[in-house]
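Below you will find one chain, with nothing else, as structure tokens; this is the form predicted alone, and questions on how it binds or moves follow later.
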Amino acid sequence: MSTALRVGWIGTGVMGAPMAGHLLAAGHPVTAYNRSKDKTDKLVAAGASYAPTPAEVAKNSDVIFTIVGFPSDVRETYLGKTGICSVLQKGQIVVDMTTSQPSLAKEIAAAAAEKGAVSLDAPVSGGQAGAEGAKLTIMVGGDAGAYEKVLPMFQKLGKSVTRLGEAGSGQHCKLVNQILIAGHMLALAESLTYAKNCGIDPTTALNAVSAGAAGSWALSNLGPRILKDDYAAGFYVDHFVKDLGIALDEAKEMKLSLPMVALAEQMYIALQAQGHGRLGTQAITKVYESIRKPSC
């Protein structure tokens, strides 16, 4: 009989499905749920069980992971009528890996504690490729003992796992990450827009500057895709707009001014308005193309 912790997995999209698959392959019994049931089919075919509600997932799990779309989805998944917290039992652990609001992470932690359970907030960075390759960066907030218990599972999902502190601190760290990405993406889009219009070969220029102080992950990994007009999503524009909005809301609460984040949010909202919300974040170059003054 297996002694591996039973895993519940809620949210089997482009990132959640491969992440759950890694834990299933590691020997954990997995019970999965997704609002679109067909997105659990591959996991079920590989040996997972399907449950019709988040509550049913929780009833059959020791540790319940969630990675859904927006804070409203997180709230419904945990605190809704058929949500996880409606059936939580003493000793269970819930782990929200969605990028969401620090205040909501604290609310979920309090609701779990009322049932004798423990909550961790553990958002990730690395996108679809990181999820598929088990190379995610995982930022964790919550109880230290629960973290140590779940750490071996985190290590099946990512290459870097860090606990930042109590509930909500993982979400705050993810917002630090998203603020940095916002600056990188605008710089990448502007630099490649310039390179494509100044008369030099943009691919050669990209290779030249990648070797110097301007080099970055975004330049090396997303730059070539932009030059090939490859805008397939590793991370959706819609989700990035959500993240930037959360960062600005948190900054407002702390009376902080983050003008670069505000500009990035407006640029990405413009990209959404062009109908590109389901493209990858590298599609921001399309906004720059649309505002370029035509040659006379």
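Residues carry their position along the shown sequence, with the first being 1. Note that the coordinates shown come from a computational prediction; the quantities given were computed from them, not determined experimentally.
Just so it is clear, the following notes concern the form predicted together with another copy of the chain, a form of the same protein that is not shown.
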property: Whether K42, V124 and M153 all lie within 4.5 angstroms of another copy of the chain in the model of the complex by heavy atom; result: no
property: Candidate stretches 77-85, 173-181, 112-120, 145-153 - the one whose heavy atoms come within 4.5 Å of another copy of the chain in the model of the complex; result: 173-181
property: T204: touches another copy of the chain in the model of the complex, heavy atom cutoff 4.5 angstroms; result: yes
property: is_contact(M260, another copy of the chain) in the model of the complex, heavy atom dist at most 4.5 Å; result: yes
property: Contact label in the model of the complex: T162 to another copy of the chain, heavy atom within 4.5 Å; result: yes
property: Interface membership of S72, another copy of the chain in the model of the complex, 4.5 Å heavy atom rule; result: no
property: Heavy atom within 4.5 Å of another copy of the chain in the model of the complex - the one residue of V95, L157, L188, I226 that qualifies; result: L188
property: Position in contact with another copy of the chain when the complex is considered in the model of the complex, options A51, V63, M267, A26, heavy atoms within 4.5 Å; result: M267
property: Residues from 223-262 in contact with another copy of the chain (non-hydrogen atom within 4.5 Å) in the model of the complex; result: A247, E250, A251, M254, K255, L256, S257, L258, P259, M260, V261
